[in-house]
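In structure tokens, one chain follows: the form predicted on its own.
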């Protein structure tokens, strides 16, 4: 889903002194400082925001009404990255939320109880919440805001995929019926936003926002493709999380489109010149799940100290809201195309959570993946359910090593760093053994 993060661990070697190198991380972090600065200023002025989630939102429509937008998962994970999530979570549990409730939800509830107090600045209160059912938690989460603030909450009921695999598109009867259903809901949302803001819907403003979103989509797909390079040009778990933050926080904004144009320039320069991450690449890995944010730096170091670089991540698929599909809007028919986009990318998000085995089996060869790390998290059944089965399915289809570890994305109380490190170390021993056997057999 993703974000401004602390700097990565010190590199063991330099990868180049060209001014392009590292620009994406530097500018991504600065964009998010600016973004939180704007939210803090909006809260100070008493303005209210539209609350959304990273999967299946109508952010282009909200941007066209110039509403401040709050991404609640991003706010929550920032409390974990900055080592204060435990106090927010404890406050929610004091109010009756169980230990198995999503850590994002509990951190956000604690934030609301504190009047929006956040490590990155104050978060404005909501005026409306807009969401889909791409994650089963979203609906109940939004109901918390409805009870606390008496605000309207709008569920965009996007029908999910009826089967795994290639999804039907335009011309398919079921798809066309689903599209008409979503299009009708967008019409209702437009009316609600006009009432809320006192402004008429401006279709040309929506086209402008969608044009910037199209630019970002093309470049986001290119960013993901570029990590086929040897060595990989970025780490999909650490650097990729920064990129995800911009995908979500600046979707439809000119500065977001500019950022990704420049990011592609940087990564293409690295690929052309054989420049990888600051760490020596010995094993190319894929990641499934959500990172362990309470020990984010150490979590990364457990892999990079063995030369393990994440070249791909399911997080960059589902937490980008499904925009890894490359779907682009038809600016001649903006509202119809927005509805189609919601239908396509929300379904892609769900498939990226529940059917990672199909995606990973296809990526293993072109990305030269040596191993796949599955991270199950205690307080998110949605992401974690079925990981063991998915792991088994991938092992039947692709010749890769696998590792299943478990902790949490938010709650430091259930993160055992020593236990995790022992399992990671053993995983790399297995990868080394696999490579020795492969060499001896050739």
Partner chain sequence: MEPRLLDDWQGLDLDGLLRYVREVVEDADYPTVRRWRASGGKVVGHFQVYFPEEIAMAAGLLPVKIHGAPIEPRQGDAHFGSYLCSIVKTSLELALSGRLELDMFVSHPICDTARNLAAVWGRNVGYPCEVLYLPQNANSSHSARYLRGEYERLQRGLEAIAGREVSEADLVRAIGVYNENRELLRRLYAIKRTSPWLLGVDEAYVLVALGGRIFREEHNELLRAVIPMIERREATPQDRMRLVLEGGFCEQPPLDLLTTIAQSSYVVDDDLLVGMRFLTDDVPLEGAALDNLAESYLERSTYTPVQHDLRKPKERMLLDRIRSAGAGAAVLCAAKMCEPGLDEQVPYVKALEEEGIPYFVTEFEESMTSFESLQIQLETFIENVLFAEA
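Numbering follows the first chain given and starts at 1. None of the values given here were measured: they were computed from a predicted structure.
The form predicted in complex with its partner chain is left out here; the points below concern that form.
For the chain shown alone, residue 134 is a contact residue for its partner chain in the model of the complex, at least one non-hydrogen atom being within 4.5 angstroms. Within 4.5 Å of any heavy atom of its partner chain in the model of the complex lies no heavy atom of residue 63. Its partner chain is not drawn, but in the model of the complex it has no heavy atom within 4.5 Å of residue 280.
The shortest heavy atom separation between residue 219 and its partner chain in the model of the complex exceeds 4.5 Å. The contact residue chosen from 198, 171, 184, 366 relative to its partner chain in the model of the complex is 184, the criterion being a non-hydrogen atom within 4.5 angstroms.
Only one of 240 to 248, 352 to 360, 259 to 267, 83 to 91 places residue heavy atoms within 4.5 angstroms of its partner chain in the model of the complex, namely 352 to 360. Residues 406, 407, 414 of 401 to 428 are found to place at least one heavy atom within 4.5 Å of its partner chain in the model of the complex.
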